[in-house]
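Presented below, as structure tokens, is a lone chain in the form predicted alone.
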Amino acid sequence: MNILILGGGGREHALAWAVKQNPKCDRLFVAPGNAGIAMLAECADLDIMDGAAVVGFAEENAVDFVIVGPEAPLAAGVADSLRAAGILTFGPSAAAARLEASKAFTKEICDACGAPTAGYARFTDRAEAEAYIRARGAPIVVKADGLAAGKGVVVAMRVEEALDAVADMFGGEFGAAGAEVVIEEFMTGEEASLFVLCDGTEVLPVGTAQDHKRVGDGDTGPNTGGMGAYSPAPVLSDAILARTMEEIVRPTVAEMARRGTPFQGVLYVGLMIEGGRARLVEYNVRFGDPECQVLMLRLGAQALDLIQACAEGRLGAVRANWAEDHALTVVMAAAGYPGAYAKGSQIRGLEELPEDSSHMVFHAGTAKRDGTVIASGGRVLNVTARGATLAEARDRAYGMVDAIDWPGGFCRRDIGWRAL
């Protein structure tokens, strides 16, 4: 089959790599792609937010199946346009994508189906939000309601920090995403992520992971899009996973179907775990980045079979076959990230690294210039490895990191520290 993947980051490189392992993939397009993706797929200059343009490209190139990577085109209804044109698509409708596109909507769903989550209040008035924060005190969590490229959440340890966050959000820092603000109870415990395929009625867990949000070793410094991840997540035991499916995932999927907006795609379930029980932190409606990188390295070619079964509504007939192994990814970022950073620095040594089922460098923010790979974003490379143990996967990944010649980049040196 001919397959089109929408997106151009590390998540999409990992998806493309896994899809390419499967013999049923005849031709692979990725739009817009990056320098690493271009080594295994045909990159297309396509506006992935334009549903009509994506449909036109798919029809012109006899695309049989479209996999939507990022959240923005899902929220914009690109999957709806593709399905209306009769093209098999993996990813939720715009109505179902509100589980990520609106924090307030997710809270409504949790209230309706009884899914355990943080206590909250929602505001469209700045003064009322500030009064609520002063009455509640800190620590407290302030969230812009809409999509803010992963930057619309502030975990405030001081009241002043929370008030500043509210001022920024209502002041337009996140555009329309901050027109409404959700303020939540601060939850204690250990965070982990569960990834579940949903075909509207059936659900299938396909992996667990933990990522590292803060920029510095020891989880210090500002939040980022993610500086590394590993899978599986030891804190998500079989017992906690089973309870999470029964108390959170299945009730949510049933409630979405009851409302006439069934969820089809991957549900990223962000959890806070304490005392043997999980509470929902947030839903995302796509694979995490960089969690997708460790999941795809462990799943390999079967990822396409599972994703296709999900899109075709026959999830109940498939199962994920996991090896008893571990995977870990280290994000290499441009110096200065997540603040201001320079683009265009050269990256050398990549061609000398192994590329197999246990070692992969997934590109995120890269481009080609005069035959050389250059940095074109903040998070630039995802250096990923598998091993029989997490320690082995870590050692392999950092061995690859140390072989990359990139003076303009940096990484955390402690990915996996919680589990190790």
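Quick note: we count residues from 1 along the sequence shown, nothing fancier. This is a predicted model, so every value here is computed, not measured.
Not pictured, yet referred to below: the form predicted together with a small molecule.
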In the predicted bound form, the residue from 148, 235, 159, 118 that sits within 4.5 Å of the small molecule by heavy atoms
118
Can you pick out, from 168, 305, 185, 180, the residue that has a heavy atom within 4.5 Å of the small molecule in the predicted bound form?
185
Heavy atoms within 4.5 Å of the small molecule in the predicted bound form: which stretch among 80-88, 344-352, 135-143, 331-339?
135-143
Report whether the minimum heavy atom distance between residue 130 and the small molecule in the predicted bound form is within 4.5 Å.
no
Please tell me whether any heavy atom belonging to residue 153 falls inside 4.5 Å of a heavy atom of the small molecule, as the geometry stands in the predicted bound form.
yes
Classify residue 126 as contacting or not contacting the small molecule in the predicted bound form by the rule of any non-hydrogen atom within 4.5 angstroms, answering yes or no.
no
Using the partner position in the predicted bound form, report whether residue 213 sits within 4.5 Å of the small molecule, counting heavy atoms only.
yes
